[in-house]
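Presented below, as structure tokens, is a lone chain in the form predicted on its own.
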Amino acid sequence: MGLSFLIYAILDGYDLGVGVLLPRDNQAQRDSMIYSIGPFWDANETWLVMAIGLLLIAFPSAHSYILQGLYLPTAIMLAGLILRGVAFDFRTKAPSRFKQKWDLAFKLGSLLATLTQGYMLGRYVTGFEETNAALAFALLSAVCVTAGYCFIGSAWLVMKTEGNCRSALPAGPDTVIC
């Protein structure tokens, strides 16, 4: 179960990070960034589903206790992940005048997912305490997990793109010239 969460954080971390890092002012850069994660991003949430399923099967009382304490952040995270999926699919099918709005929805969904994952981690680490210090730690965890995902996404972009991300012309199956 822990391995599934770790694999999820690494594999989905890069595309969440790329989503958070999308620039608002340059369509070519956004296209390059999204093309770099295109073939891979959809399957990464499978690891999260597997980890939650293993938690339910192996530790049903812990599953109940944890998700009871994290019900609202889990619902917000799922809304963010759904928003990302819808935006990713519709950005390619929408007329070009709506593409920027779908990119913004992808960015917002990524930001919601990363912030809530960090918040849930902080709440879990503090044992679901309701003190001000515990809530401050959870908020700090939200920011730090988002920063960590941005770091992983940046490393992904360095690995998968070339140049200064100004062009969206693919150079091959694994590299996007920027």
Partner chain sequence: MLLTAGFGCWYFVRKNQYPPWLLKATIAMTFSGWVATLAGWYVTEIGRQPFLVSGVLRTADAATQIPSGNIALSLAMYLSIYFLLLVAYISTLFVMAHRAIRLEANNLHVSDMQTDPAAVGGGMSEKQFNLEKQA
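Treat the numbers as computed from the prediction; the structure is a model and nothing was measured. Residue numbers count along the first chain shown, from 1.
There is another form of this protein, the form predicted in complex with its partner chain, and it is not shown here; the text below is about that form.
Find out whether any non-hydrogen atom of N132 is located within 4.5 angstroms of its partner chain in the model of the complex, and reply yes or no. Contact with its partner chain, no.
May I ask you to check whether S61 falls inside a 4.5 Å heavy atom distance of its partner chain in the model of the complex? Heavy-atom contact with its partner chain at 4.5 Å: absent for S61.
So in the model of the complex, does L72 come within 4.5 Å of its partner chain, heavy atom to heavy atom? Yes.
Report whether the minimum heavy atom distance between I82 and its partner chain in the model of the complex is within 4.5 Å. I82: contacts its partner chain in the model of the complex.
Its partner chain isn't shown here, but in the model of the complex which of F40, F151, Y124, Y35 has a heavy atom within 4.5 Å of it? So the residue touching its partner chain in the model of the complex, by this definition, is Y35.
Spell it out for me: taking its partner chain in the model of the complex, does every residue among A9, Y14 and V49 have a heavy atom no farther than 4.5 Å from it? Looking in the model of the complex, the three residues A9, Y14 and V49 all stay beyond 4.5 Å of its partner chain (heavy atoms).
Going by its partner chain in the model of the complex, which residues of 75-90 come within 4.5 Å of it through any heavy atom? Those in contact are A75, I76, L78, A79, I82, V86, F90.
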